[in-house]
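A single chain comes next, written as structure tokens; it is the form predicted on its own.
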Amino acid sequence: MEAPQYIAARVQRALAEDDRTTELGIRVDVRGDQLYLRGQVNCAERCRLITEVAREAAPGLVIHNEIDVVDVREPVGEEKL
């Protein structure tokens, strides 16, 4: 089996270069046959696409998507300091 750090690097590269994701802020950890994705994105669709790209880049591994979807909105008003 390929070394975990090489698998993680391959998945991170795929997430960065794939047009569906172009994502640099996701941490990838490999432990045995388990691959963990951690980080934050702004919508559930992006979260799903990240899992899809990771699965393609690391076939045969069990993917655990622990990515948080955060609500990013325009500020409602002026911030008072």
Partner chain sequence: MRELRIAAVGDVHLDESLRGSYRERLRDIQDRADVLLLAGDLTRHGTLEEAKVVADEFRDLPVPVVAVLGNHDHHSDRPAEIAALLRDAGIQVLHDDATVLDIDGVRLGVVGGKGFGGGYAGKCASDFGEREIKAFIGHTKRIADRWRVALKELQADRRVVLSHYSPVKDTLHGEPLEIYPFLGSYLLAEAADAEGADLIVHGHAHAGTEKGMTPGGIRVRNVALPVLGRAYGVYCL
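Positions refer to the first chain, counted from 1. Whichever C-alpha set is largest while still superposing within 1.5 Å between the two forms counts as the rigid core. Worth saying up front: this structure is predicted, and the values here are computed from it rather than measured.
Although not depicted, the form predicted together with the partner chain is the subject of the following passage.
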Residue 34, heavy atom within 4.5 angstroms of the partner chain in the model of the complex: no
Any non-hydrogen atom of residue 48 within 4.5 angstroms of the partner chain in the model of the complex: no
Exercise: residue 10 in contact with the partner chain in the model of the complex, heavy atom 4.5 Å: no
Residue 62, heavy atom within 4.5 angstroms of the partner chain in the model of the complex: no
Neighbours of the partner chain in the model of the complex among 45-81 [non-hydrogen atom within 4.5 angstroms]: 46, 70, 71, 72, 73, 74, 75, 76, 77, 78, 79, 80, 81
After fitting the core, residue 72 CA displacement of 2 Å or more between the shown form and the other one: yes
